[in-house]
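Just the one chain here, the form predicted alone, laid out as structure tokens.
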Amino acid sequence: MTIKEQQDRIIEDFEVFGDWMEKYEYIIQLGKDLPLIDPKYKTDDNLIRGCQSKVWLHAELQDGKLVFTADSDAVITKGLVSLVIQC
């Protein structure tokens, strides 16, 4: 899937919601559905600096593709991170 196709899919997903509260709840659900990051990657080296919440981001090459895993200590931030790393 191209970046443009992924962007269009995310936009379509959000268009079904009637108000910001529903969108907010959807983002929280995305965070809850985000696969757990391996605890060994929750290190200072993978911590995103400057965020109010703690956000860990790990990248590795798998079969020639860059794959990201992430986590956050805040539910809304975790949902936003999930949107960013979707493949």
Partner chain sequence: MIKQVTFERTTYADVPLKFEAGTPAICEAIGLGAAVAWVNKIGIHKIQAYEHQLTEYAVGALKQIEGIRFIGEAKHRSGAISFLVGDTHPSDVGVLLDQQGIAVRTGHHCTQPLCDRFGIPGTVRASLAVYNTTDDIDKLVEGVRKAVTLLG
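These numbers were taken from a predicted model, which means no experiment stands behind them. Positions refer to the first chain, counted from 1.
What follows is about the form predicted in complex with the partner chain, which we do not show.
Student: Taking heavy atoms and a 4.5 Å cut-off, does M21 contact the partner chain in the model of the complex?
Tutor: Output for M21 is yes: heavy atoms within 4.5 Å of the partner chain.
Student: In the model of the complex, does T77 come within 4.5 Å of the partner chain, counting heavy atoms only?
Tutor: Although the partner chain is absent here, T77 would touch it in the model of the complex, with heavy atoms inside 4.5 Å.
Student: Would you check, heavy atoms only and a 4.5 Å threshold, whether S53 touches the partner chain in the model of the complex?
Tutor: Yes, S53 lies within 4.5 Å of the partner chain in the model of the complex.
Student: Look up in the model of the complex whether L47 has a non-hydrogen atom within 4.5 angstroms of the partner chain, and give yes or no.
Tutor: The answer is no: L47 has no heavy atom within 4.5 Å of the partner chain.
Student: So which bits of 27-45 sit within 4.5 Å of the partner chain in the model of the complex, heavy atoms only?
Tutor: Read in sequence order, the residues that approach the partner chain (within 4.5 Å, in the model of the complex) are I28, K32.
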